[in-house]
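Single chain ahead, by itself, as structure tokens, in the form predicted alone.
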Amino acid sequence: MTDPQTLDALKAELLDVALEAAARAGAFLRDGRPDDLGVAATKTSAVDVVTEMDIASEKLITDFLAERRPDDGVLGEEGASREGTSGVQWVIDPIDGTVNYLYGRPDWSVSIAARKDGETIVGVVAAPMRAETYRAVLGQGAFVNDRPAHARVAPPFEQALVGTGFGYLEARRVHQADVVRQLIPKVRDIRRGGSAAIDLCDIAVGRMDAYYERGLNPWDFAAGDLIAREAGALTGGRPGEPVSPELTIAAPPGLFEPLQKWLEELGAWHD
């Protein structure tokens, strides 16, 4: 068991590493985007794309981590995987919001989280086109750049602005669209931004009231989940379960509970 003083020092070191890695990758992606950027590969379907910049960004990050923290493990969206011996694992999304990036839209980010013995203790999301970096350390609050981040106070359910996202498989999209069809009459409005990491950070800074999505992977939510929680939001999946690929929900207390109930009844957790 790590003593508190040693753990605090580790958190500070991991935060510094994550911030520098995200800044380097963010600047590379912002300044180096080719005008003729195209699709390098596809994943779950023909519209689930990977660009050459996703691959290059992940290599930039993992090379930096290998230099600074060679004993740590790594889990990256584009295939980076390394078992470590330190008990620390880095969870990386080199471009969260690849389709936005491909089209030159601004809502994309670099997401880097550090886990210690399976628990996320540091999260950083860099959104270069917003000139914002969101960060959190477990037990130490959340920040956007150098300003404290705070989730909104829960509004009445019918006044909630709710964010969501859609998968890339046809059957999943059809069901997700049906969930939105049933949910939208009950809330203020629905938003679809295209970067789960940014959506979770928007909860943390009060730009949306709530967010939910099915089908996220650990690299999509690891950093943003911690940032949202440290900003005062609740996060989870189905009732009694944590955030997972099955379902991710983030909202302030008082809104989280009724939204989770509705999503359970609407079957948002399955296809």
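One-based numbering along the sequence shown. All values reported here derive from a predicted model rather than from experimental measurement.
Although it is not shown, the form predicted in complex with a small molecule is what the next lines describe.
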Quiz item: Looking at 164-172, 130-138, 80-88, 182-190, which one sits within 4.5 Å of the small molecule in the predicted bound form if you count heavy atoms only?
Solution: 164-172
Quiz item: Considering the small molecule in the predicted bound form, which of Ala114, Ile95, Ala126, Ala151 comes within 4.5 Å of it through any heavy atom?
Solution: Ile95
Quiz prompt | Contact label in the predicted bound form: Ala196 to the small molecule, heavy atom within 4.5 Å | solution = yes
Quiz item: Taking heavy atoms and a 4.5 Å cut-off, does Asp209 contact the small molecule in the predicted bound form?
Solution: no
Quiz item: Does Asp202 make contact with the small molecule in the predicted bound form, using a 4.5 Å heavy atom cut-off?
Solution: no
Quiz item: Contact between Asp220 and the small molecule in the predicted bound form at 4.5 Å, heavy atoms?
Solution: yes
